[in-house]
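Single chain ahead, written as structure tokens, the form predicted on its own.
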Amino acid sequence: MAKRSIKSVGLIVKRDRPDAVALARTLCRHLRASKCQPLAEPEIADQIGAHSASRPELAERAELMVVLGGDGTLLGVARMVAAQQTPILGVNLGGLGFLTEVTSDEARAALDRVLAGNFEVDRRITLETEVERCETSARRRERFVAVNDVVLNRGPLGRMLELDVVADHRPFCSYRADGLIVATPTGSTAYALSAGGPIVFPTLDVMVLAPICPHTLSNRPVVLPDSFEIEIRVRAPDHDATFLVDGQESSIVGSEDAIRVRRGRYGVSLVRSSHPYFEIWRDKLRWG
């Protein structure tokens, strides 16, 4: 149970949604009445009555992040504040959302609970990914953090990929497929689910490997401990692949490059809603 008094709240608002802007304006008035400083990006701050702050300033100053939008909006915020371990309250404005669990009608009451210290957080693991570029003069490394998933997809020519995968420093599997998804439990209900992967309870310490349209029918999704490091290489020299992080950051990967995926140093702290996970699954997946 969280007890720390919160004095500043960052709001990330989906600006093309009038309902999000209207709700943000209401929450800002409520925050100021509660002697709490609302912060927002310069593009929306004046419109909703918040103090202006850039995203780096929000990550540094906000003691709570409120996201008014969908899961995609929340993913970017989660990566932004993971190192600070800032709790995130996600408000769903409609659509299929597994991360933004609080409805707009519940937003003010949920915010009051957090300000009063009457809330709990779920710690969700992240994936830290390193792409090692093998260039003519030297090796160059690029690093990414994913909340949902890391995806290796077919390149511009659309050819099937041949992938060699090493898990826990031991040969694991060779795939011939359209791609491969490495997902967190949080991301198991995103792209991995569409590829036939399992739904994983979101607080478990595991990762999912789900091939996309595998050529071999016995290549099924697997669940591995999150203590494993996963290394992926594209085998065919003329088959470049597209590398995606949470569907929001992308890069091209060549056959000489190595992708290494491991559990991230920092997790994501999501404010727990009053809705049990099973209720959310039944509602979002229409299980009845």
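Numbers for residues come from their place in the sequence shown, where the first is 1. Nothing here was measured: the structure is a model prediction, and the numbers come from that model.
A second form of this protein, the form predicted in complex with a further copy of the same chain, is not displayed here; the remarks below concern that form.
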| query | finding |
| --- | --- |
| a further copy of the same chain in the predicted bound form: contacting segment from 142-150, 104-112, 168-176, 74-82, heavy atom within 4.5 Å | 168-176 |
| Non-hydrogen atom contact N219 with a further copy of the same chain in the predicted bound form at 4.5 angstroms | yes |
| Distance check, I199 to a further copy of the same chain in the predicted bound form, heavy atom within 4.5 Å | yes |
| L244 within 4.5 Å of a further copy of the same chain in the predicted bound form, heavy atoms | yes |
| In the predicted bound form, N118 touching a further copy of the same chain (heavy atom, 4.5 Å) | no |
| Any residue of 175-193 that, in the predicted bound form, places a heavy atom within 4.5 Å of a further copy of the same chain | D178, Y191, L193 |
